[in-house]
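Given next, in structure tokens, is a single chain: the form predicted on its own.
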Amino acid sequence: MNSQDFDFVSQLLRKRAGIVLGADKMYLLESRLAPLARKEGLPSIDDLIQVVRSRRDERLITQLVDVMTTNETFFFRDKTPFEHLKEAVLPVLAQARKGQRIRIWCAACSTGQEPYSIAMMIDQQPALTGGVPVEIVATDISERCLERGRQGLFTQFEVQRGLPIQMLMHHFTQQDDHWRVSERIRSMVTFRKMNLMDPSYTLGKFDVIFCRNVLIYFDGPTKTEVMNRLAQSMNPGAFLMLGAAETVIGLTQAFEGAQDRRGLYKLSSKAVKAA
């Protein structure tokens, strides 16, 4: 791949998905585009990029962006965010909402392990919400990942990553060499295709937003833009959950840290007034 083609694809990824690729990531680009070129019946990556350049085929562009997004996820990933949700978020919201539903958004949900982890935790511990109904919306840019999430079908390897054996036995049924999450848990999660770079998304207002391990792929201005849009999608008193390596410091004043809760932020009073 020559530098002109690399720059073209890099700019396309930046515009469509906010992904920033440095020159040292050319190997990553080549390793992920080669299978796509073969799938499309094209002799090489160069031919694939030439087709994208000349035809501007949205189907092919969507697939290119899809293969370049990182879909790493597993059940109860990092544990700490779920402890925050259990100890410092849901009980507070249940008290504040006084019977109104609590809305949770899992942005960049990949194949669904995060929203299903939340659903299982709430299902097994209803006292966390005091009987207040909970709606979980899971979004991702990849239709391929979303379809897997809707099916709720996971491999043996996937269910062994972070999922307690008691939950596996209680919420899943085995189907050959896969495991399917129960209809009860699947019904708690709604999957929708959405791009965080799209300024026009309308999902309504949320009380909790999980947006973990996504911002690390964006540059500073894009991080600020995305977080400010997230703030506009939140109710007063809402919470934002970021990844362990992510922060709002120096990027936006829409959120303030929750004391002694790493990665957990509350919507600031400034953001509420601005809305």
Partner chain sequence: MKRCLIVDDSRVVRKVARRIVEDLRFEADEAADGAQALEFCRKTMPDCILLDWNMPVMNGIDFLRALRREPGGERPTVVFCTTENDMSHIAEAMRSGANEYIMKPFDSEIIESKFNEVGLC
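Residue numbers count along the first chain shown, from 1. Everything quoted here is computed from the prediction, not taken from an experiment.
Absent from the display: the form predicted together with the partner chain. The rest refers to it.
Using a 4.5 Å heavy atom cut-off, which residue among 159, 146, 94, 137 comes into contact with the partner chain in the predicted complex? Of 159, 146, 94, 137, the residue with a heavy atom within 4.5 Å of the partner chain in the predicted complex is 159.
Is residue 202 close enough to touch the partner chain in the predicted complex, meaning at least one heavy atom pair within 4.5 Å? Taking the distances in the predicted complex, the answer for residue 202 is no, it never comes within 4.5 Å of the partner chain.
Can you tell me whether residue 127 touches the partner chain? I mean in the predicted complex, with a 4.5 angstroms heavy atom cut-off. Residue-level check for residue 127: no, no contact with the partner chain.
With heavy atoms only and a cut-off of 4.5 Å, decide whether residue 79 touches the partner chain in the predicted complex. Contact check for residue 79: yes, within 4.5 Å of the partner chain in the predicted complex.
Contact with the partner chain in the predicted complex for residue 187, defined as at least one heavy atom pair within 4.5 Å: yes or no? Taking the distances in the predicted complex, the answer for residue 187 is no, it never comes within 4.5 Å of the partner chain.
Where, among 166-174, 194-202, 137-145, 102-110, do residues come within 4.5 Å of the partner chain in the predicted complex by heavy atom distance? Correct option: 166-174.
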